[in-house]
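First comes one chain, alone, set out as structure tokens in the form predicted on its own.
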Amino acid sequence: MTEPCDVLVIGAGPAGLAAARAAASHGVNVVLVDLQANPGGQIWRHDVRKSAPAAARLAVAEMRARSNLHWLPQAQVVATAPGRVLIEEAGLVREIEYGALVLATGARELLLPFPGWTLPGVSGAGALQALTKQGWPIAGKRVLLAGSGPLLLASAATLRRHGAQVLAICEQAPDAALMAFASQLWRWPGKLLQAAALRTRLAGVAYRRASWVRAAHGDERVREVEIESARGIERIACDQVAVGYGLVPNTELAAQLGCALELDGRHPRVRVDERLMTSVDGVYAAGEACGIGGVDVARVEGAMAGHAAAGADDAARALRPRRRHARAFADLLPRYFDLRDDVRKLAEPTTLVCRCEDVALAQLQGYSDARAAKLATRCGMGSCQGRICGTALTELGLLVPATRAHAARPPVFPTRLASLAAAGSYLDRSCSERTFLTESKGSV
């Protein structure tokens, strides 16, 4: 059975919540879909020990108050077709037909391989923060964080609040870059206050500039981490290592829908115009999917996309100055937290790059195409579907990122066999329509 709606929003983080609320304010019928049980995304993820920020509570309250906004938790998109998506929810498959679509699919961590990164006790900085918020026991553990960017400070503050002993934060960016970044913050008073608050919560925690993790050591789990800095190489005993080198946009769903992508540094993002419409008519994108920007960018772009998707172009246009101001801050991040080549050269020939299928770096040398690497080595065929290893190889300069439309094939995420069976006829129909459209344009 096909269920219609005027505006479908995929992703219930700050961008998706803002988009759904803005669209619903114009009286149209809105459906908001997210894989998680609670709205808020990664940045506003439910914390068992702390209430959500006021902005998050307000956004969720307004979402629930709208009778024309239907919230679908624990639901994920399995496949797409023009004007429709196939969704798996609570073991059931449902098709939703939309008039306009807003992609608020967020971002994921950039993780780079190094010797020992597969040991138990080594994780992503954002991943450990998410686990801790959900109640994973961290109290009393000695944790070292390393990588680059503001996420390290936010993760460290969460871990400390839950009782972890944060040994140090190792930031790979040099001191001059960090000072230059800090000198720009007066233009965004909210960011300046946020940074000061984080440093206060982390009083006494060493913040080591121009230092990075070389290797993790241990037997059944990590016991020591090896740090390199201007002072040389040193070993630090620890129970947990959390490493993250920033974020990269989630673009798989946009690519499957045929939206054009463009490179933002080494990784693709969704290309949008001033209205935040993608290259596909009626499909909008907002927030991290359009380039890493943080919560302020996500909220204003979500609102713009929601207004535009509901046909309220004047309301969307009025937010453009706020968007430019927020994006200006986002543009600082790659400039001052640019990764040094040292962290791209840490993996050794025997270091596993594809953790799902146990594929080492040496097995992947010589491939620049993800599909060829997959066919020859099974790299990217595990549960992450190449999101971790493929992104890492792109950052290392070994794979060329896919930016062409329809580069991502269904299913978008690993799914149940029954859902695939249900999707079969849907996908056949989708492919037939896509072929018809292509042939009609004389491209085949």
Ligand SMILES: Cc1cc2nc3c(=O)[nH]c(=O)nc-3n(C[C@H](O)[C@H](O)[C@H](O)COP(=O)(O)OP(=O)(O)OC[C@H]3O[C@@H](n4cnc5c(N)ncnc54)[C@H](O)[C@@H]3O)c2cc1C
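The first residue of the sequence shown is number 1, and the count goes up from there. All of these numbers come straight from a predicted model, not from anything done at the bench.
The same protein also has a form predicted in complex with this ligand, omitted here; what follows describes it.
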request  = Specify the contacting stretch among 216 to 224, 305 to 313, 357 to 365, 281 to 289, defined as having any heavy atom within 4.5 Å of this ligand in the predicted complex.
outcome  = 281 to 289
task = Please pick, from N68, Q385, T403, Q36, the one residue with any non-hydrogen atom lying within 4.5 angstroms of this ligand in the predicted complex.
result = Q36
remark   = Residue within 4.5 Å of this ligand in the predicted complex by heavy atom, from A154, L185, A260, L332, is A154
inquiry  = Considering non-hydrogen atoms and a 4.5 Å limit, does this ligand approach Q76 in the predicted complex?
reply    = yes
ask   = Using 4.5 Å between non-hydrogen atoms, is A24 touching this ligand in the predicted complex?
value = no
query = With a 4.5 Å heavy atom cut-off, would you call A100 a contact of this ligand in the predicted complex?
reply = no
ask   = Any of the heavy atoms of L202 lying within 4.5 Å of this ligand in the predicted complex?
value = no
key: Residues of 124 to 157 having any heavy atom within 4.5 Å of this ligand in the predicted complex, listed in sequence order   = G126, A127, Q129, L151, A154
